[in-house]
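In the block that follows, a single chain appears as structure tokens, in the form predicted alone.
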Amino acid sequence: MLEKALVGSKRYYTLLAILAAIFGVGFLFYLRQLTFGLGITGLGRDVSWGFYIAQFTYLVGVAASAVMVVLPYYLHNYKAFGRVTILGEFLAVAAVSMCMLFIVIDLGRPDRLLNVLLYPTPNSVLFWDMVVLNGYLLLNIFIGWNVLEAERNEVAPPGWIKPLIYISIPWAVSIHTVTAFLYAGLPGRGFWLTAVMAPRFLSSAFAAGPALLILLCLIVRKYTKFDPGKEQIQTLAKIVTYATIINIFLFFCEVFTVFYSQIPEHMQHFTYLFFGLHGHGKLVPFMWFSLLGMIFAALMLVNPNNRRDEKKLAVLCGLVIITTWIDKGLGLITGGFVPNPLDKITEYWPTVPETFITLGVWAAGFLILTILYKVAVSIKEEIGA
């Protein structure tokens, strides 16, 4: 089926060329980082996880969100999702691929990855994060590719696929839960030391991932002959709505706990993010935009008329994606490091090389996604014809 990716319109090849060019620029900056070290980034002793890990954290959620189409289709026999399940699974493949790339570039030296294999430490959450991510990537590749091939040949998928599908459902939840435990398991970081970290991760993932999938479905419908379906998009919109509301609720639960208990080391992180602390407040406008934008999107999405208007829906989904990215990316990572356990404030901001390397990884991910979607949509169009 890969031959489908080699045949396309001028627009398709132009998109591939643009993504490849962005990736190339990012790769050149990465070569500089590989030579010079992580000193070209904004990272340091006090803020050791930054823009790279922020993208990793966010994209794990996007990958996990594929379960929101897999579970209804395979477990609850919601046949309407049969048109978009493959799109969700291939989105998960691209997202996990980007996650792994961000981990590699954050290590500084790629050869350090071998330490995880040569000296496995099952008592480490990082070890299990590697296991669940690689496993989830393989599951989505095998399931998506074989189901699509069976659909093309108009035969039932092979019997061994069904157990993998059932395994992939809890596995999707596990990848973001384990990622949340990476943060919640650090007792020296009050901002992350909370039992609602994993639920917050999952709620934001189930808001942002389906929101991105809706935008991709609308793009596929506009530029190809395959229509993912109006009912499918509306069902995804409901998932985005309720997940966003739950994410906001969990955030305010955390705010109440922190400020009602008046524990200083917990309060300082929220104060820094939303009001600034000791004259430092780079993220204040971003965090307020994230919070207010998320509340606005949720209130608008509750109205069925706004969900049915696909232009409004696209804008609101874009707002959900941006606000959850700010909250989980910039806010969560930096907020956990500032101030440090000694109450010292070291503000972090990504450098120019860091930004271009990040853009290069995103371009690589969307290059993978474009090729996979080209194969999937071509098969769908072939079947429809």
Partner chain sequence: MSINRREFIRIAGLSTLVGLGGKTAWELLLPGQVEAQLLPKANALAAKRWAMVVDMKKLDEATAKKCIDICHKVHNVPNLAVPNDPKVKMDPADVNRWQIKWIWSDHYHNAFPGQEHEYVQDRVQAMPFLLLCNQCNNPPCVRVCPTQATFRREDGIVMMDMHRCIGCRYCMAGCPYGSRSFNWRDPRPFIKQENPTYPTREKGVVEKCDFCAERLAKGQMPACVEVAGGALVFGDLGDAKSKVRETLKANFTIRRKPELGSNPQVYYIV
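It should be emphasised that the depicted structure is a prediction, and the values quoted were computed from it without experimental measurement. Numbering follows the first chain given and starts at 1.
Omitted here: the form predicted together with the partner chain. The next part is about that form.
A.B. asks: Should residue 321 be counted as a contact of the partner chain in the predicted complex, where contact means heavy atoms within 4.5 Å?
C.D. replies: Residue-level check for residue 321: no, no contact with the partner chain.
A.B. asks: Taking heavy atoms and a 4.5 Å cut-off, does residue 300 contact the partner chain in the predicted complex?
C.D. replies: No.
A.B. asks: Is there a heavy atom of residue 54 lying 4.5 Å or less from a heavy atom of the partner chain in the predicted complex?
C.D. replies: Looking in the predicted complex, residue contacts with the partner chain do not include residue 54, since no heavy atom lies within 4.5 Å.
A.B. asks: So, in the predicted complex, is residue 42 in contact with the partner chain at a 4.5 angstroms heavy atom limit?
C.D. replies: Yes, contact at 4.5 Å.
A.B. asks: Of 280, 162, 109, 238, which residue is found within 4.5 angstroms of the partner chain in the predicted complex when only non-hydrogen atoms are counted?
C.D. replies: If I apply the 4.5 Å criterion carefully, the residue I get is 109.
A.B. asks: Counting any non-hydrogen atom inside 4.5 Å, which residue from 170, 82, 188, 304 sits next to the partner chain in the predicted complex?
C.D. replies: Of the listed residues, the single hit is 188.
A.B. asks: Is it true that 35, 120 and 346 each have at least one non-hydrogen atom within 4.5 Å of the partner chain in the predicted complex?
C.D. replies: Verified in the predicted complex; spot residues all in contact, yes.
A.B. asks: Given that the partner is absent here, state which listed stretch (174 to 182, 247 to 255, 229 to 237, 142 to 150) has heavy atoms within 4.5 Å of the partner chain in the predicted complex.
C.D. replies: Selected stretch: 174 to 182.
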